[in-house]
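Presented as structure tokens, the chain that follows is alone, the form predicted on its own.
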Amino acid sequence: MRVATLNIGFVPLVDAAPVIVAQEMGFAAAEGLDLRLHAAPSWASARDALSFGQVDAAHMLSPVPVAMALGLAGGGAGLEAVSVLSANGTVVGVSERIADRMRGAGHPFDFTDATTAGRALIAATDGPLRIGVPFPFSMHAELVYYWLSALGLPSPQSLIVRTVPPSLMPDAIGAGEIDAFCVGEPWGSKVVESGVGHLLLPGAAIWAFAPEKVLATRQGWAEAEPERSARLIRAVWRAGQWLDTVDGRSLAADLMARSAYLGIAPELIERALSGRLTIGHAGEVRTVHRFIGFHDGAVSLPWRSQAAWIGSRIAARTGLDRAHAIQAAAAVFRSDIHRAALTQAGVDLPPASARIEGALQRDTVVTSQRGPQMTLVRDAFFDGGTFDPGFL
């Protein structure tokens, strides 16, 4: 097998682990690939590097391919999601000023109840709540809009969402530019370590199975390069499988701490990978089951219904036609390409690529594509809502 070199973009976050591990642990080499990893300082630069052909694939926010298909989010060529890299892995946090008010009102910071936490946050805020997210079209933004609007805080009247690159979130909260934030790890933990904020919730408390990052390619690239794209999908899938083991996560923290990747203390990375997060300067620890997922429960499958949910939410916020947005969104989550690549390796997957999102209130055993049973994990929304994309 001839070795093919692929250039892969990523933003320094814990959920870039599958592409980093694929190269560092030999999963790419086993597929005849050499991955050249390129760190980007922001999501806009990562998007542009991929869209304009400077890299072949990238670790990307799941809503970006959807937003681009709807004529939003800038960039050049459209993007497609050929795999989901991670589910969840985000945190919501508040400034120390807001945290003090919430503690004074009796909020326990139990890190589990999104309804109670959201109401306490709203009560502690004077005027519009200013909340930072890493990009306007991100799962961070979609979770924040969904969560707070459901609790009676509409945007833009009462909620101001500002874009702050992940690595600058500690500076923004410390300077008083924002009151709260939603960001991927390790930058929430970095806020805590900097002494300027307090963690309030994991993103998983809002949506238990949110597709956080995807492996994105330029529109048409995977079909034009079927062999190389299939190798890449399989290498990253195997990396995700390895990451969802205890030993894998322990070693991954040391790998990702290197200066070429995240360049921070392994201990901060380990918090996210273990789900044991320090939420405040007093050292309070909360343990979150499935804080971040890379493999178990068919994480890697780009569910067309997940894309449809994202498209529906963006359409409602921007005034676009909802039906068109759902169809356009579903088309860029390429479950067909993903299935074809993994079927060659004998990987079993769910039989469908769309479902009613939010319907699983607990882990559920289902019949898989090849017949044996497999477990799909809980995917509930905090308010008990569900989303039917209409094309099941």
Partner chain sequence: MEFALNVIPSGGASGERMGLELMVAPLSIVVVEPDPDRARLIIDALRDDTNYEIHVVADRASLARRIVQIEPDLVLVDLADPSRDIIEELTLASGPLERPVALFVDRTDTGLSTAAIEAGLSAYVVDGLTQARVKPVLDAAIARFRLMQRMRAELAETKRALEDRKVIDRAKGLLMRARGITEDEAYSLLRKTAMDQGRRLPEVAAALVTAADLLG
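Residue numbers count along the first chain shown, from 1. Remember, it's a predicted structure, so these values are computed and weren't measured experimentally.
Here the subject shifts to the form predicted in complex with the partner chain, a form of this protein not shown in this document.
Checking Ala205, Ile98, Ala172, Leu273 for any heavy atom within 4.5 Å of the partner chain in the predicted bound form turns up a single hit: Ala172. This chain is drawn without the partner chain; in the predicted bound form, the residue among Leu349, Ala44, Ala331, Leu360 with a heavy atom within 4.5 Å of it is Ala44. For the three residues Leu72, Pro134 and Glu177, a heavy atom within 4.5 Å of the partner chain turns up in the predicted bound form in every case.
With the partner omitted here, the stretch from 339 to 347, 321 to 329, 47 to 55, 361 to 369 that lies within 4.5 Å of the partner chain by heavy atoms in the predicted bound form is 47 to 55. With a 4.5 Å cutoff on heavy atoms, Thr125 does not count as touching the partner chain in the predicted bound form; it lies far away. Although the partner is absent here, Ser167 sits close enough that one of its heavy atoms falls within 4.5 Å of the partner chain in the predicted bound form. In the predicted bound form, at least one heavy atom of Val161 sits within 4.5 Å of a heavy atom of the partner chain.
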